[in-house]
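Next up is one chain by itself, shown in structure tokens, the form predicted on its own.
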Amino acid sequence: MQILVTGTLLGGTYALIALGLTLQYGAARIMNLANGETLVAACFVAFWLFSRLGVNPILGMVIIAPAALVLNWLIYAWLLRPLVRRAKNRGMLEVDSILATFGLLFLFQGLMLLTFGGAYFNYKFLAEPFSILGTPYALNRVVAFVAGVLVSSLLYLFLYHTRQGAAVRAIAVDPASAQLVAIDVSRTAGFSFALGGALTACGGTLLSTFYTFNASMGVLFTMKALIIVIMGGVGDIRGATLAAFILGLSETAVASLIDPGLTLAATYALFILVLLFRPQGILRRGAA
């Protein structure tokens, strides 16, 4: 039961992180290798707001998420939109976006190393026990999970109950056909990329409340988010959410029952199994 609860709490945070990359890759068609750096930057901003100004990290998302939205919109407009316009097909766009965001990864990482150094950071926020079914868990993990569920629910309502959300889903399915029903594909893709960055920043803010981080660990989170997106099916919000919980549970089980050092190996083993037996994604029926 303890593994189940702890894995679920971790999976909720993973889900929020992966949903950001799901929008960027599934809707905007941009494979953003700097996604993890957005998350780590949000961790540092949340740390600074809490330690210097005493701002509650949960409330800090009101500042961090809009800032990440604007920053990612500017990145898309200045760096990525020219690549989209010159790409002759999706394959060319993926290659160009991987190369561009790979460089962006090192730029962001270098700026964070210059500002904060290579040390590890954390801060004490709601570091007290909270009982679930008679077993104590860290309250900061529970609060992060609840906040992540709320943000994910708002995303679901936006995507499935608003016109703009329908436009985002339309360009994820078929950008060419979306143009036939008067959807501005370029503008919607830019918004999807920016919204994905904001979601990733929210995930980083919540993660910082119970996780020790440094400026160089963005690549690890990018890889985990990418694994979740592919396991769930590219562009599939529900599949990515389910895959995030599966990953959280598997990592927790391996760390608790076998060896914490094997969690990353378990993650890649699960990824390989999905590629072999469900390459189209966990919930999808059609071919990839």
Partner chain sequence: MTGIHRDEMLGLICGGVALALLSLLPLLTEGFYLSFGVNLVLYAALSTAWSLFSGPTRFVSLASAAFFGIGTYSVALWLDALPFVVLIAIAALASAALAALIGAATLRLSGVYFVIFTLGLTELIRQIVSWSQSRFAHKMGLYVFTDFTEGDLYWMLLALTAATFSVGWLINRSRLGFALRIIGDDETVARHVGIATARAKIVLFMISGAFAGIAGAIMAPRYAYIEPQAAFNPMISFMVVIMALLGGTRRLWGPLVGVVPFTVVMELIAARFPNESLIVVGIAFLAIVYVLPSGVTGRIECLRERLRRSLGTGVDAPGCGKIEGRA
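Residue numbers count along the first chain shown, from 1. As the structure is a computational prediction, the values presented were derived from the model and not from experiment.
Absent from the display: the form predicted in complex with its partner chain. The rest refers to it.
This chain is displayed without its partner chain, yet in the model of the complex the stretch 251 to 259 from 46 to 54, 65 to 73, 251 to 259, 238 to 246 comes within 4.5 Å of it by heavy atoms. In the model of the complex, its partner chain sits beyond 4.5 Å of every heavy atom of residue 126. Contact between residue 165 and its partner chain in the model of the complex is not found at the 4.5 Å heavy atom cutoff. Contact annotation for residue 110: at least one heavy atom lies within 4.5 Å of its partner chain in the model of the complex. For residue 14, no non-hydrogen atom is located within 4.5 Å of its partner chain in the model of the complex, even though that partner is not displayed. For the three residues 10, 146 and 158, a heavy atom within 4.5 Å of its partner chain turns up in the model of the complex in no case.
Shown without its partner, this chain lists 132, 217, 83, 142 as candidates; in the model of the complex, only 83 has a non-hydrogen atom within 4.5 angstroms of its partner chain.
Scanning 80 to 107 for heavy atoms within 4.5 Å of its partner chain in the model of the complex gives 80, 83, 86, 88, 92, 94, 95, 96, 98, 99, 100, 102, 103, 104, 106, 107 in sequence order.
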